[in-house]
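Just the one chain here, laid out as structure tokens, in the form predicted alone.
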């Protein structure tokens, strides 16, 4: 794949301003794709209105711009892409890969989150029901649909090689079950929207947090079902607080302070194990990013799920 065809992206949900954890993901994605000579896109994943904060999208874009993380082309808003998700569901329906499900959250909690396919053969109507993807007998991403890897119990696994975490495999049938593509309230799932939009935008490389590592097999399987190309994945350790929790809006992570952009970028490079020289801390945003692109080395990032965030964040 040529450098010119490399496309990466940063895709935040507008649930609040950027914090150190989200800056790390944005910066790593940006540096990785810029070093490849590729394009870096921004997508706002605004398809879950109950969780969104008014004005957060604009705040996030201002923060990225202030940190010198300038994107190519126009920002894509998932809220404007709903017809494409319906089209993808129709494709899956024509392949007899989806069905309606009436199971509610309490039942899923009793199942431990692994769906038992109870509704698969009930021929339920669309009204007030979710849509699930039939994972059936899962195949390996490395062999493609029609091929499978087997473990000692005979359960098929889907596997891929992550650029940071290494070999990763998951038996969707045993560890996830048939998963939701559209919720009972009519909202589209993250899994469906992200796969459709990555294909639409021509994404080739995804650098994101390890909290999404276990979602990747579902996305690869959905790519296969829709006839899409598989992407290259690199899952970063997530920044965690003193309690071992991922920095997030839900865990009250502090928003990035305006005016500290150069400091934030330098600190993020240190956290990403890129070993920037101390003198770089006094340089401009442009100089810090230029150094980061030139010296970006993905192999320096440890294949661990979390690393403590600097206490100031």
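Values in this document were obtained by computation on a predicted structure and should not be read as measured data. Numbering follows the first chain given and starts at 1.
A second form of this protein, the form predicted in complex with a small molecule, is not displayed here; the remarks below concern that form.
Comparing 205-213, 115-123, 101-109, 166-174 against the small molecule in the predicted bound form, the single stretch with non-hydrogen atoms within 4.5 angstroms of it is 205-213. Put simply, residue 133 is far from the small molecule in the predicted bound form: not one heavy atom of it is within 4.5 Å.
Interface residue remark: residue 48 is not counted as part of the site for the small molecule in the predicted bound form, having no heavy atom within 4.5 Å. In the predicted bound form, at least one heavy atom of residue 11 sits within 4.5 Å of the small molecule. Contact check for residue 194: a non-hydrogen atom falls within 4.5 Å of the small molecule in the predicted bound form. The single contact residue among 179, 85, 228, 190, judged by any heavy atom lying within 4.5 Å of the small molecule in the predicted bound form, is 190.
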